[in-house]
Structure formats: structure tokens, C-alpha cells
Ligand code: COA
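To begin, one chain is listed below as C-alpha cells, in the form predicted on its own.
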Amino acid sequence: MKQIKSNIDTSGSRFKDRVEIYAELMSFYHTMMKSATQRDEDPAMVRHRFRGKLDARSRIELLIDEHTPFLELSVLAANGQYGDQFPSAGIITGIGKIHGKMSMIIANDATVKGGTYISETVKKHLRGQEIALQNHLPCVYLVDSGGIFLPEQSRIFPDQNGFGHIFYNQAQMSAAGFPQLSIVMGSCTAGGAYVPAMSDETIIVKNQGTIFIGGPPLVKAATGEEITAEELGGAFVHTKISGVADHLAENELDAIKICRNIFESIPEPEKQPYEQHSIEEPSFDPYEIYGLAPVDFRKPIDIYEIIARIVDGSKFEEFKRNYGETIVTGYSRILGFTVGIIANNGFLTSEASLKAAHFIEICNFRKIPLLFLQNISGFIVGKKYEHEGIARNGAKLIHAVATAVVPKITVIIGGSFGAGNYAMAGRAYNPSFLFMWPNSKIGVMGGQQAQQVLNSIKGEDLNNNSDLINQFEEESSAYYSTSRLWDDGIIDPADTRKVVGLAISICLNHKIPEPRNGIYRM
């Protein structure tokens, strides 16, 4: 592969000014991440630890293999909503290794409203199960939850992808043969009782874990019977009398040890055969991305400079370099894994669409994972392009993206607008993982463009009303997106190669199916 040559003067004032602007974005990003993950002074956390209980992230840290990474997802879920009373939506999800086996871990955070579920909690739990299903991962549930957050029940309970779909997914995972284990470390109430009940094996902590369909207050209201939580559904009841739980743990550390012991008997899945090459660091500092990332989307960026700071050795073998130049396609390696890269370098034209569709077909048949680097304002518009069949040619690209069977990892590095979002493997096209940079934006179009379109239709003056522009600006931000789980998390641009490499290794945990293509309308 050829090494990319950089044309950026990183010592120049223009570059340094851009780094300084991005430093402000990163400062805000770190503040948001800290508020969600470092809550030692939170009264609920203090009470939780006073009871001798570990917090959710500490439990995960003890569960996974020492000195191995944990890819936490959607850290800022529910951020900016509900008065910020639900940091991380009250649940931690992510992938780590347990006895060398990639595993999905879903951990309730009882310090957030007793681990109860709002809409984003459900969505985050379901997304974790979806990733486990797609990648044939064992799943461990660290259960400490009061079930549905009752004031939000109408948004959580009745719909197709509501709370009950968690247990539907458990049944589907069981039918597919993917192991599921539960460690009951606290309350396990109402619908939440089905999580351990539907797991292959359940561990419950003595004098701490409880499982019941209706807790003591509900039992008293329904039957008049007065009973303690321990008598109703404690560890002794479920390991000695009901048989709902299978393993009695003396404490949380013992429970985690039992879970890890069980993993020794879990077989490895049949993985995708894949040659992993030796890892080379990029020839250019990944932190230089701070001076390259798009902040003003009206100004073009050199996508080759971004690629050079993500891939191994800054090496990139380009495909169809001189054709459809508004999209860049080619082969590279990330942490030793061969990957096909599709990156925006301007509007999507007919030529760019055909080029990308062609490249996707090649990678699909060669079983090469795809990395989409999104910075797209959409498809090019105008009489000339409509007459050339941009709609048909764009549809070929969308078709190729939708039917690709190889892992698709999307990173939104700048703007992601209109149908360009779809064509570049946006959320609607089921990428294996989708991450955003702090500067990125996503929407049907920019606020100014939306205002101009409406003004043109209504015949009004653009400057009459800025409400729509402000609305679009707010709703297109990366933080608005990640709060609603339209992505799998906002990441530090300098960590992109690490996150993408880890995502690829997760996606190769199972065999890639044979390609399947539909009809391309020529």
C-alpha cells in the first residue's frame, strides 16, 4: 500500500488556530463525559456504597479480563433530558472480554432512580442485545433494577420496541444458542424479574439480591399479606425453594467470580477466518485530527489527511482515484485488520455513487469490513444531474449499502445531511456500529437551508424568523443525537482508530454470511 503524504503545516498559525477552536469542543465533551461517569459525590452513589455495594462500572471492571479494553456504548444517553436525572440512562452497556471471550455486558445502575427504565434505558438495553445477536456474543446482565419508571410507563410499556421486547430478545438469543447469564445484585422487580428467569444461569447475592413479580407493597395492596423482600424473593428462597436462581453468592465479588468460572465452560463461537497483520502506528499524530476536523461545514477538508491519521502506517491503496472524485474509496488496515474505506470528499454525484457501489460489491465478496467516514451535505441537485439520473445512480449506492453482509462501521466526522446520511450507512441502514465526533451534526438539512426552502415555498423573507434555524442547530448536534441513541456514542477523534479496530474485532466474532444482492436498476 502507498503511504499518504501530508500537505499540512502543523506548525503554522492557521492550523494552530483550528486546534484551539477544537480544544473548546473537546473541553465540553470531557465535561459531559465526566458528569455521566464520575459521580462519586452524588448522594445516591454515596448511599449505594454505604450499603456495601459496588457501582455498575466497578462491577464491570472486575468482571472483564484484567488489562483488556471495554467498549462502552452510548455513555451520554438521556443527556440533557429529564432534568439530567438519568445519567447514561441508568444503564451501562458495552463489550469486553471474559476469559478471552468477547461478551456483551448490560449493567443496571441502581444509583439512578433505583435502576428503573425510561424510554432511553429500554432503547439502550435493546441495542446491546441487538449487537449481541448480530455478533454471536454471550450476554451478561448485572441486574439491580426496580423495573419501569412508572411516571414514564406510557412511553415504555405498550409498544413493539418497549420494555417487553427485552424478554423477546432473550428468547431469540436463547434459541440461537448464545449464552446468557444474570447476576442479581439488588432488586429485580416486576418485568425485571424475567431477565434472570430467562437467562441460562442465574447467580444471586446473599442478603442483597431479590427477585419477585410483585414486591412487598404490591403484595400487601393485592392480598393484604405483609412480608419482607427477603422472605418474598431473597437469595435463599430462589436457590433453595423456588429454583429460580442457580448459584448462591456470598457477596458481589463472589458472584463475579462464579460468573467468570462459568465462562470457562462456554465454547468459543465459530469466528470469521481473518488474517491480522502486524500493527503499525500512523506516520502522523492522531491528535492532529483536532486541527483537521470540519467545524465550519461550508469549508472543504482534505479527507486524505484524516485517513492518514487513522490507518496503520498512514498507508492507503486507493480505488478509482480519478473517477467520481467527490468520494474516496480504497483499502487500508486498522490495528492490523484489512478494511475498505469509503469517505466523503464533497457532494455525492452519479459518478461517485457508482464508484462507491462498485467498491462495496468488491469488499462484500472479499469479506472485507467497510469503514464509512461521513462528511456529507447530500446528493448533488440541479437540472443537469437529474437528467443524468442521479436518483437512479444514488439508489444503486443505497442498494449496495443496504445489502452488504460485511461489517459496516460508520463514523460521522462532520456533517451528515439528507439522503447522504442513508447512502453512507446511516443508522437506518443498520451499520454494525455508528459513532460521532463532537463537532459532527446530523439532520435532514442545515438550518439555513431549511429556512430558505420554507421561505421559497411561503414567499417570506429569510430574516423574518430565526426560530427554525435555532431548532435545526439544536436538533442536529451530536449531543442531541447521542442522547436519543441515534448513534452508539460520541468518541474522541484521536481514539478513532482504537475504537474502529475494537469494533472490527467484535464484528469478526462470527462467520460473515455469503453475499446477497438484489436488482440494480441500470
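Counting begins at 1, following the sequence as shown. Remember, it's a predicted structure, so these values are computed and weren't measured experimentally.
What follows is about the form predicted together with the ligand, which we do not show.
Asker: Using the pose of the ligand in the predicted bound form, placed onto this unliganded form by C-alpha superposition round the site, state open if no ligand atom is within 2.4 Å of a backbone or C-beta atom and blocked if 3 or more are.
Answerer: The site is open here, because the ligand, transferred from its pose in the predicted bound form, meets no backbone or C-beta atom within 2.4 Å.
Asker: The ligand in the predicted bound form: within 4.5 Å of a heavy atom of each of G128, P267 and K271?
Answerer: No, because G128, P267 and K271 lack any heavy atom that approaches the ligand to within 4.5 Å in the predicted bound form.
Asker: Between G243, P151, G100, P158, only one gets a heavy atom within 4.5 angstroms of the ligand in the predicted bound form; which residue is that?
Answerer: The residue from G243, P151, G100, P158 that makes the contact is P151.
Asker: Given that the ligand is left out here, which of G443, P438, G146, G426 has a heavy atom within 4.5 Å of it in the predicted bound form?
Answerer: Contact with the ligand in the predicted bound form is made by G146 alone.
Asker: With a cut-off of 4.5 Å between heavy atoms, is K367 one of the residues that contacts the ligand in the predicted bound form?
Answerer: Close contact is absent here: in the predicted bound form, K367 is far from the ligand, nothing within 4.5 Å, heavy atoms only.
Asker: Indicate whether the ligand has at least one heavy atom within 4.5 Å of a heavy atom of K34 in the predicted bound form.
Answerer: No.
Asker: Within a 4.5 Å heavy atom cut-off, is P282 in contact with the ligand in the predicted bound form?
Answerer: P282: no contact with the ligand in the predicted bound form.
Asker: Is K320 close enough to the ligand in the predicted bound form to count, meaning some heavy atom within 4.5 Å?
Answerer: No.
Asker: Looking at 46-54, 62-70, 475-483, 22-30, which stretch has residues with any non-hydrogen atom within 4.5 Å of the ligand in the predicted bound form?
Answerer: The contacting stretch here is 46-54.
Asker: What residues, if any, in 155-192 have a non-hydrogen atom within 4.5 angstroms of the ligand in the predicted bound form?
Answerer: S187, T189, A190 sit within 4.5 Å of the partner.
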